[in-house]
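The chain below stands alone and is given in structure tokens; this is the form predicted on its own.
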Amino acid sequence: MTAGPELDPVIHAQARLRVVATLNTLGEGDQVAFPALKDLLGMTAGNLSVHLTKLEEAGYVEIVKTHRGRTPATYVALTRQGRRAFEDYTAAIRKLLELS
């Protein structure tokens, strides 16, 4: 039996895969507000924060903290590196499926 391709462990965790797949639907350079992403994914703020931190440390997402008037606002975007990593991940999954 031949070994399949390696799956990126940062993306492979279910919650992070959902985050990256969702962010990948945005155009390059587009951002989504943290609360909108949280609601879209049905995650708690704390859980999403933990996974975004892991993705940010890998260079896959960019997190921008700013203000809208006096209200703090956080925006999230997939980086080029993150987009490339997701493309590689999906290609590896396709290859694994071809092996089965």
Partner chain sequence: MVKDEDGPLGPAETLLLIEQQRAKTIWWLGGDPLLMYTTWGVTWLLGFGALFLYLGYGALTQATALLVLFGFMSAAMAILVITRWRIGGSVRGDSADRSRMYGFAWGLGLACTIALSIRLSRLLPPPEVSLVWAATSMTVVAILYIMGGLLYQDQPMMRLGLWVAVLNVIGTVSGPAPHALIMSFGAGGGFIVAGIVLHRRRRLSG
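Residue numbers count along the first chain shown, from 1. Predicted model only: the values in this text are computed from it and were never measured.
Keep in mind that the form predicted together with the partner chain is not shown, yet the notes after this line are about it.
In the predicted bound form, the partner chain lies farther than 4.5 Å from every heavy atom of Thr79. Residue contact check for Pro72: none of its heavy atoms lie within 4.5 Å of the partner chain in the predicted bound form.
Mapping the unseen interface onto this chain, Ala13 counts among the residues with a heavy atom inside 4.5 Å of the partner chain in the predicted bound form. Among residues of the shown chain, Val32 is one whose heavy atoms approach the partner chain to within 4.5 Å in the predicted bound form. Contacts of stretch 64 to 80 with the partner chain in the predicted bound form, defined by any heavy atom lying within 4.5 Å, are made by Val64, Thr66, Arg68, Tyr75, listed in sequence order.
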